[in-house]
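First, one chain by itself in structure tokens, the form predicted on its own.
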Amino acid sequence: MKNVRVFYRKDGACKYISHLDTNRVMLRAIGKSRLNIWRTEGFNQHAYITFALPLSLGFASECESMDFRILDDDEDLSAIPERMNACLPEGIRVFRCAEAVHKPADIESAKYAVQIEPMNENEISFSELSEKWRDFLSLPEIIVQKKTKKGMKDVDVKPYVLAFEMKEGEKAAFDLTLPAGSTLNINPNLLIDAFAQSVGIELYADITRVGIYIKGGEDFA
């Protein structure tokens, strides 16, 4: 028996599938593909899978992962992506399968590709929007309302912007790296909502998670 990690992309209409429903989709795909994986013991046995870093509803991703245990040590892991993709809906595609290297607890940050645009396209140009976003991230502090176990709390998220880079082009697009993991998780929508409120413009944000990293910036594998 060995620990296996499946890496997959999630986009299109499937980005609106909740984490719980994604779990169900994956369990059904595993069952239909007849993968011989470890199941829980007891009266109501079921396949056991875990996700390293659940994805927020409405986010696309190029770097999701799911773990399970293969009972056969001689199982050809390179064949698993094709077997699972034959049983998955359009919008979820497995692109790699390998033995797990890092633990989910090792995750420290995630990188997001973000594109923002005004709900009213005549309200502000993309160049103005990009400039206002740069100015916003240059503020000495960015106070947002963050939900905690004790309720809503004012938090300065400026120190948590680990990396930021505008993209060239006509759209207001940028890459944003924020803390992620079991210890601290900063949702990019916290920043985007605070920015929209500061400029008084209703925004639409298209967000894709493009990287998950452990300490030192190494890719989670």
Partner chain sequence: MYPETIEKLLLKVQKPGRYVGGEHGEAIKDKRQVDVRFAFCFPDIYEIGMSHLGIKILYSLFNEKPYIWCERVFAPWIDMEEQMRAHDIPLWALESGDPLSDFDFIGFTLQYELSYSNILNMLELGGIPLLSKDRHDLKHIVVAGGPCACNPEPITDFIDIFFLGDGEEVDLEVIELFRACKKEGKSREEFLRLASRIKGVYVPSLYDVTYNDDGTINAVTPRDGAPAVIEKRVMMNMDKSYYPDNFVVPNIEIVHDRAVEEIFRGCIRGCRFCQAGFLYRPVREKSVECISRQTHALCRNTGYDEVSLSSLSSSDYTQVVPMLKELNSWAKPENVSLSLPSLRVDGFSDDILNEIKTVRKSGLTFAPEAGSQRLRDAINKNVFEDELMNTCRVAFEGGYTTVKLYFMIGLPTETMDDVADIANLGKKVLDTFYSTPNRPKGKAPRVTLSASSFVPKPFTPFQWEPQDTMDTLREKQQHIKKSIVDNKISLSKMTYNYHDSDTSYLEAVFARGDRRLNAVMLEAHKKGIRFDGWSDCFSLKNWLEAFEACGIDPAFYANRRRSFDEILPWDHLDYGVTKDFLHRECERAYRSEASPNCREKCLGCGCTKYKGGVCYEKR
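Because the structure is predicted, anything quoted here is derived from the model rather than measured. Residue numbers count along the first chain shown, from 1.
If you look for the form predicted in complex with its partner chain, you will not find it shown, but the lines that follow are about it.
Its partner chain in the model of the complex comes within 4.5 Å of a heavy atom belonging to residue 15.
Taking the partner from elsewhere, residue 58 is found to have a heavy atom lying within 4.5 Å of its partner chain in the model of the complex. Mapping the unseen interface onto this chain, residue 39 counts among the residues with a heavy atom inside 4.5 Å of its partner chain in the model of the complex.
Its partner chain is not shown here, and in the model of the complex it never comes within 4.5 Å of any heavy atom of residue 129. Contact with its partner chain in the model of the complex, defined as a heavy atom within 4.5 Å, holds for exactly one of 144, 77, 113, 88, namely 88. Of the candidate stretches 96-104, 68-76, 134-142, 116-124, only 116-124 has residues with heavy atoms within 4.5 Å of its partner chain in the model of the complex.
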